Each structure stands twice: as C-alpha cells, then as structure tokens.
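Next comes just one chain, in structure tokens: the form predicted on its own.
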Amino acid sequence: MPEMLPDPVQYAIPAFIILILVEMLIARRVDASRYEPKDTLTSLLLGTGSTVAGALAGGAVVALAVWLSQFRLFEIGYVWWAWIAVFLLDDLAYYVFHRLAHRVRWFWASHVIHHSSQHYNLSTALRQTWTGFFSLSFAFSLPIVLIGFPVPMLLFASGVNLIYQFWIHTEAVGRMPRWFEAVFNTPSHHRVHHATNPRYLDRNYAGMLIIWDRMFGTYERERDDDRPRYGIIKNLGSFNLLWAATHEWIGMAKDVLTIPGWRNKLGYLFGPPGWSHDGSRDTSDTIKARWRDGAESE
C-alpha cells in the first residue's frame, strides 16, 4: 500500500462549518427563508452519515485502486505536469459520473439525496449519499489509475474537487466575472443544476470546470426571468433521514419486483429516472418536451 497524501477534506471541515454559520447570519438579514432549521439539520446529519459510510468503504476502494495500479499502462510519478493532468482527468471523470447519475436510475438512486433539499445553501453541499459504494460510483475514477497516475495523487485531486464544490452551493453569491464563469463552475451555474425548472433540468454537471458542459452540450445559463426552484420533481415531504437516504432504492426495488418482464425490470434499473413501462410517469425529457411545446404555443 503506497503512502497516502493528507486528506484535504478533513482540513476543510472547520472552514465548512464557519462558512455555513456566516451564511446563516447573512440570510437572517437578507432572506431568512434560505435556511429552514429542520432542513439544515437533515443536511448536516446526512453529511455525517455520508462521512461514516465513506470511512467504512474507503479502505476497500483504496485497496481496489492499488490492486488495479499493477496493471497500469504507464509509470507516472509526481512530476509537475502529472498534477495538472490528474486534476483535469478527475474532473472529467466526475462530469461523466454526474451526467450518468442524472440519466441512469441506478446511479440516481444514490445521487438523489444531494438534490432532495428544497433550499439551496452551503449546508446543502453536505447532503451527500450514504450508498455511493453500493452504486459503484467510485468506478468512474479507476481508469485514471490504470493510465498510471499514483493512487494518492488521484485521491488528493478528488478531495480538492470536493472542497471546491462546497462554495458553489449558495444564493449569497451572484455571478462571478465573465472570464471566471466561462471556465469554472460557479454558484450561478450550479443553481441551474439544482433547479427543477424545465429549462434547467439535466444541465451543468460540472465539478470544478464548466468547460465540460460547454464542450458536450449540457450547459445552460441562469436567467433572471426564470429563477431556480430547488428540490426534486416529486419532493420527499419529510425530514426522515433513512427515507431521504434510501427512498429511491426502495421505489426502484418495488418496481423491479412488481412489474413483469425482464425488459421492463432492466428499464426500471437502468432507464432514466421517471421511466415507466407504460409511459405513465414523467422523465426529465418528457417534462422538457411539454414545456417547450407550451412555450412555442404562446
């Protein structure tokens, strides 16, 4: 097992807490509705549960990555250019995972927990999955190990990526300078991603760099005439931790067990969220199509 680099997320936790408290104070003066006590507590507890789940599964993921590294194509050390390359590749891997997490129900069942709050503030950033290991979300970064980048380098880059994404979960920051908005993910870009407005569904999957969305056609700018509304298409209506963490897995299991036909069962597992064998439910595509038809008829 190679010697690990420090985990940057552990050092950032005190800053997370301080910034949440500062944002709460700002919200009290500007718009108290940005924070709802039960919602905030749920986000913090879900974040705590995610940390515990990550600690329990982290050793297995690292061990798998180290084992795979023996099959690497190249021997890449800790040279300066490798740091740049690993940050870019890790961010691209996150974009691919994140896009699939919204388009494939199996991954969405794990990721939906992050979108389940109807509020958008820094505490929402901590509302993370408990089931990422089960959904195999870590697999998207493993090709970087097979290329030849050291496992500790990749883990460090992933930690920095996660830290970066904390500050973009806020309504306290408007738009950044144009050059920054063109390259990096920002609060404005990420508000679009968390919105349930038809215009904004399945857009802005970026981690650190918005360039991937611009390159692959999934970018949408935030509009002043269409302010984001947050949550999920069918909101939970509950602050129950276990329900928030598992509701989509439970719904998916019920569909697979009760709907006949293997093709239908696979559709409920790997089709887009909202897919149904009889078309009785809405996917993001049907919602957007209905919205476009309505806009064109006006």
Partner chain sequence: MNWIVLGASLAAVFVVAAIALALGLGRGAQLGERERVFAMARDFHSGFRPVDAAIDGNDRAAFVRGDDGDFVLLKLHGVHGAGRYFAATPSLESKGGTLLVQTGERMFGTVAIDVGADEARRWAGKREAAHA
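Numbering follows the first chain given and starts at 1. Since we're looking at a predicted model, the values are computed, not measured.
Beyond what is shown, the protein has a form predicted in complex with the partner chain; the following relates to that form.
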| item | value |
| --- | --- |
| 4.5 Å heavy atom contact, residue 261 and the partner chain in the model of the complex | no |
| is_contact(residue 255, the partner chain) in the model of the complex, heavy atom dist at most 4.5 Å | no |
| The partner chain contact at residue 239 in the model of the complex, heavy atom, 4.5 Å | yes |
| Exercise: residue 270 in contact with the partner chain in the model of the complex, heavy atom 4.5 Å | no |
| Within 4.5 Å of the partner chain in the model of the complex, all of 59, 67 and 213 (non-hydrogen atom) | no |
| Candidate stretches 80 to 88, 67 to 75, 173 to 181, 116 to 124, one within 4.5 Å of the partner chain in the model of the complex by heavy atom | 116 to 124 |
| In the model of the complex: members of 163 to 200 within 4.5 Å of the partner chain, any heavy atom | 198 |
